[in-house]
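What follows is one chain in structure tokens, specifically the form predicted on its own.
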Amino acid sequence: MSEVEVPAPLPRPAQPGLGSVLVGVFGGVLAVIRKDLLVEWRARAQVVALLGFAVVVLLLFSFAVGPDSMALARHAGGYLWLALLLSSTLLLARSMQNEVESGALEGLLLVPVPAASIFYGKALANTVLLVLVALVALPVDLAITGAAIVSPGVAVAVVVLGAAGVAAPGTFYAALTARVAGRQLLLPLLLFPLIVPALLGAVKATTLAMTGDPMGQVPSWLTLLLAFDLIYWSLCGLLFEKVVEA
């Protein structure tokens, strides 16, 4: 009898290395950022409406305070962040609503990248848009209140950190409420209490950037903002997969 030839075992597929995994994750984040910013660029009328809404909110605050120029200048930082906060609810809700209504969210989840990549891509895109709103609203705020920027570097740092502190939990809760009726009301109810500490830090640091910092308090407020940003971005990124797959 002839000997039966035993086929050689098939080689095991090579496991992807850490470098290739990281490249895939960062590639997914950049792809989501590019997609969201491209969508906003094509729908420029909505962006213009959002910027106009922020300006109108600032004007309403100035009318409410009246002709008291000292009070306007003293609270200019608070007016700016309240305008950004109210504008952010429109921006964040729309970013996830478009995905759900067009059925694109399910397609994004089928892409072979972690769900956290989708979250970080959308949160970074929302941060960029919030910074854009701040860059438009800040000159209007200064013109209305008569305040001035004493420390431009501090103001830029506060705007970036504050926008990131709103964008991360805002993107998370927008995904959580995207399929729920009455999401326009539910999103601010969930978001506003969570970001109160970061919002207070942003308001205080912005006020110091406008009025000066003789006591050296700015580093403490920036550290507080950075700490809350790290907490928000870490926890929301870890929990995002459970939210979108529920």
Partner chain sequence: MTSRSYVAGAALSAIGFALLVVAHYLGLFVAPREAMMGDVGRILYVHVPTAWGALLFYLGAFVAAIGSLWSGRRGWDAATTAMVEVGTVMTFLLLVQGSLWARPTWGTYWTWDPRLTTSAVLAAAFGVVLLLRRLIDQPARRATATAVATIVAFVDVPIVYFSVKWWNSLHQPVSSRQTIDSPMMQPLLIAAVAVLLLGIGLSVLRWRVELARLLAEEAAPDLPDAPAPLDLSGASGAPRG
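Keep in mind that what you see is a predicted model, and the values were worked out from it rather than measured. Numbering follows the first chain given and starts at 1.
Same protein, other form: the form predicted in complex with the partner chain, not shown, and the subject of what follows.
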For this session: Using a 4.5 Å heavy atom cut-off, indicate which stretch of 49-57, 31-39, 206-214, 173-181 touches the partner chain in the model of the complex.
Result: 173-181
Seminar exercise, completed: As a check of understanding, the residue in Leu189, Ala64, Met70, Ala45 with any heavy atom within 4.5 Å of the partner chain in the model of the complex should be identified as Leu189
Exercise. Is the gap between Gly27 and the partner chain in the model of the complex 4.5 Å or less for some heavy atom pair?
Worked result: no
Problem set entry | in the model of the complex, Trp233 touching the partner chain (heavy atom, 4.5 Å) | no
Exercise. Is the gap between Leu226 and the partner chain in the model of the complex 4.5 Å or less for some heavy atom pair?
Worked result: no
Exercise. In the model of the complex, do Leu82, Ile149 and Pro152 all reach within 4.5 Å of the partner chain through at least one heavy atom apiece?
Worked result: no
